[in-house]
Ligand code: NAI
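First, one chain by itself: the form predicted alone, in structure tokens.
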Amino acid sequence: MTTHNTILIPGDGIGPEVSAAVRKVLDAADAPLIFHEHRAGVAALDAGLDVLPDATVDAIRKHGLALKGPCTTPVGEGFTSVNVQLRQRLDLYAAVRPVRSLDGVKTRFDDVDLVIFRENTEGLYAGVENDIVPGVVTSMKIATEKASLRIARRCFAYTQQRGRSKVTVFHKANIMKKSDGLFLRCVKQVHEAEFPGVTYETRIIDAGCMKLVQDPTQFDVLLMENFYGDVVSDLAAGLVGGLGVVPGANLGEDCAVFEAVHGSAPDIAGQKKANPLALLMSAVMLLNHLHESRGCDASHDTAERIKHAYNRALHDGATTRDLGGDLNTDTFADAVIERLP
């Protein structure tokens, strides 16, 4: 069986705990992965390194694949987000977040099945901020035709390949006529020229969010620029049980980084209270990516087995405290392993 070199960034806070639990499941399932551990975030600073060491970036660039635990981002001060730096340095322009209802996780809705596509490299998160005079700051929103076209193309291709029903673009072009207007024009161009058979619609984002929480079944694939995608993907996670049950992928042309999208929760670090499911689901996305991008059938089979096992665990009520259960980080991993086919 061919194995694939994969960079593991455990992260900080609860990151090392959930990463260890996920590795335990992957090892038990004989996943065709060889992990090489690298630091980023507070863990890197504590080791006397840069917050995102060149060695970590170079290793991901070399092998093209990484699984990343949560990294702390200071609020209002301190270093730039590790996630933002990774996306910009590796040109991971597409954030993909599947959001689906899970049997055994009770919420207001039981039939959510969404995929959120977020442009990942520009917008307000380009980080172009300036002090004009004391007490006055500007933050510039960047929109380019190149980035808008490529995220639209990737989103429509994904929708078509997966047999999804439609793409809905969330925007605010009624106010931001230049930036969001450019984004809308690029998406429409790609749709008409390359994917006319895919159903396509647009929604102003505030009204779209209202519709989303009223009835998420009216949406399928959601496409939006960077800042909107960040907010809406977390909102959508709330429809299915929170960030602890939602995976994430950051995709470029040559590299892919899969990550738990929740925070590092330093207040419970070291207590084994964290739910490792989001990172485990992200690892399943990584395995499926290997199948799609490198033709690795073994990775697809492993992904299906792990997915079956955690779905079975949730169905059986084997859950962590955030989902109303009594399992800890390690015993949840054990519950998944026990159900591996």
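In this text the structure is predicted, and so the values were computed from the model without any measurement. One rule holds for the numbers: they count along the sequence shown, beginning at 1.
The next section is about a form of this same protein that is not shown, the form predicted in complex with the named molecule.
Trainee: Just one stretch in 310 to 318, 53 to 61, 271 to 279, 288 to 296 has heavy atoms within 4.5 Å of the named molecule in the predicted bound form, so which one is it?
Mentor: Heavy-atom contact with the partner occurs in 271 to 279.
Trainee: Does residue 259 reach the named molecule in the predicted bound form if we count a contact as any heavy atom within 4.5 Å?
Mentor: Close contact exists here: in the predicted bound form, residue 259 approaches the named molecule to within 4.5 Å, heavy atoms only.
Trainee: Could you tell me if residue 71 has a non-hydrogen atom within 4.5 Å of the named molecule in the predicted bound form?
Mentor: Within the cut-off, so yes.
Trainee: At 4.5 Å between heavy atoms, is residue 87 in contact with the named molecule in the predicted bound form?
Mentor: The answer is yes: residue 87 has a heavy atom within 4.5 Å of the named molecule.
Trainee: Residue 263 versus the named molecule, in the predicted bound form: is there a non-hydrogen atom within 4.5 Å?
Mentor: Answer yes; at least one heavy atom of residue 263 falls within 4.5 Å of the named molecule in the predicted bound form.
Trainee: Of the options 126, 198, 249, 243, which one has a non-hydrogen atom that comes within 4.5 Å of the named molecule in the predicted bound form?
Mentor: Going through each option in turn, the one that passes is 243.
Trainee: Of 121, 83, 148, 233, which residue is found within 4.5 angstroms of the named molecule in the predicted bound form when only non-hydrogen atoms are counted?
Mentor: Exactly one listed residue reaches within 4.5 Å, namely 83.
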